[in-house]
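First come two forms of one protein chain, each written alone as structure tokens, so that there is a structure 1 and a structure 2.
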Structure 1
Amino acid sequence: MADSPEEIYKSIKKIKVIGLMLAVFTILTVGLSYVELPTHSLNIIVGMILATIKAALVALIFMHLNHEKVLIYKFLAFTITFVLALFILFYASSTDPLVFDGF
């Protein structure tokens, strides 16, 4: 944790830069959504990649996950695992065929 005044001044600067980057990425997201890529799925993928980058900036810098304690990484690892299980299994079960030909 940045505790000395110099470090805090440094981090204030960083925070402002990241804030600006987020705004830029938002503009980029909106702009790209009006560009018709070869398929709409591609639009979704690109949009989600941009959103993930923004989310990562917020999580890593604003929520200081770039230098957090091991314990918190452990919590989050489990949570992310289960959320992914939720996404993947929901998706798989809504597209899974009734007839199964083996692996």
Structure 2
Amino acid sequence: MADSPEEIYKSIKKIKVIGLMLAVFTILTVGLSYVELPTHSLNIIVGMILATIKAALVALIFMHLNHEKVLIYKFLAFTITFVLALFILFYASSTDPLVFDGF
């Protein structure tokens, strides 16, 4: 924790900068909804990238995960790997030409 007024002011300044960055990324996300990129999938991918950046900023700074031990990052890496595998499996199942859709 901050022990001196200088450290407190530095911490407040960092929180203000992160808050401004979150506001900018939120504005970019809303603006993206009004822009039509070449494919709808590209809109979704860019939106998910912006959301991931915002989530990482919140988790690292406001939830203080940037000061955690290595074990938390191992769990996070496992979770990210699992989620990516689920996304890949979902995409593969929706594009599989051998899947029978019914009558």
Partner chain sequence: MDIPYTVSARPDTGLYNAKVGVWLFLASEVMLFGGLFSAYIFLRVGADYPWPVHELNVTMGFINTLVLIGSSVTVLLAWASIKLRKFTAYKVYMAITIACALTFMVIKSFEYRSKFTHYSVTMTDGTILTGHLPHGFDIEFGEVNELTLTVAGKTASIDANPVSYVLPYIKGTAPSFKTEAGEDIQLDSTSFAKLADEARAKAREKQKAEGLKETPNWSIKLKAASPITFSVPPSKLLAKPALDAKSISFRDGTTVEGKIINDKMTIEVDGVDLRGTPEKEKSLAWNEHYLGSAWKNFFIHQRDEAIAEFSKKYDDGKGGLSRDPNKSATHQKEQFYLHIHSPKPESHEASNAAHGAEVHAPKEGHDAGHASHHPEVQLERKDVQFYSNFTPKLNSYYAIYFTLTGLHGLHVIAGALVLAYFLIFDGRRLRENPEHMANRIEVGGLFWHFVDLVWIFLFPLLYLL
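Numbers follow structure 1, counted from its first residue as 1. By rigid core we mean the largest C-alpha set that fits within 1.5 Å across both forms. On a predicted model such as this, the values are computed, not experimentally measured, just so you know.
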Handout entry: Structure, 1 versus 2, that is the form predicted together with the partner chain
Key = 1
Exercise for the section: Looking at the change between structure 1 and structure 2, work out which of 42, 68, 52, 32 is at the hinge joining the two rigid parts. Expected result: 68
Exercise for the section: Could you let me know the angle, in degrees, that the smaller of the two rigid parts turns against the larger between structure 1 and structure 2? Expected result: 6
Practice task
Look at the Cα of residue 83 between structure 1 and structure 2 with the rigid core superposed and state its shift in Å.
Solution key: 5.6
